[in-house]
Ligand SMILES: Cc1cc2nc3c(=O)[nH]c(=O)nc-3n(C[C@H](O)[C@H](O)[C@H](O)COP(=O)(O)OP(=O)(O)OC[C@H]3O[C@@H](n4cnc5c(N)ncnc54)[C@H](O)[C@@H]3O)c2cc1C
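As a starting point, one isolated chain is supplied in structure tokens, in the form predicted alone.
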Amino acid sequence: MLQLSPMSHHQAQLISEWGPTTYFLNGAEQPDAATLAEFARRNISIAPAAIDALHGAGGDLSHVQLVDGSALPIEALFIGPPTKLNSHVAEQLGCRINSGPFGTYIEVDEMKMTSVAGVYAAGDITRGGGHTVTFACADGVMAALAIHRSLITSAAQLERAL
């Protein structure tokens, strides 16, 4: 697991359930005493040096080369990079943007409407964490239902006005 965000140590603890885990600090500061104790309890080792290179054939990793000259064998490297919005459309529309431990996201209500009436958003761009395909799909369904309901309500109001 590579240290990239304030939540990286938590992610390392989660993946340690799958097998031997090394937490690559990549030159960052040591975790606090409580985190170190939890790492010890879960047998998570720490590699403090910055990563110089990843090596392997094709898409397979074989080892991590550290700037101190050491190399550690690995089969996989998990990273939790910070997220960012790929477009400025939400900001241009005036939607409220929040920052969390995993990056920026668009604020929405339980029906997936943004802070701008009639503008909906769904998926990872609306989550400060918990990025999964399942959540993104569920968010999309909720937004679609809310949009459909909004359109029906608007059409009914228009018919009454005419």
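Everything quoted here is computed from the prediction, not taken from an experiment. In case it trips you up, residue 1 is the first one in the sequence shown, and so on.
This protein has a second form, the form predicted together with the named molecule, left out of what is shown; the following refers to that one.
Annotated contact segment (heavy atom within 4.5 Å of the named molecule in the model of the complex): 120-128, selected among 96-104, 26-34, 45-53, 120-128.
For the residues Val116, Ala136, Val67, Met111, the 4.5 Å heavy atom test against the named molecule in the model of the complex is passed only by Ala136. The closest non-hydrogen atom of Ser87 lies within 4.5 Å of the named molecule in the model of the complex.
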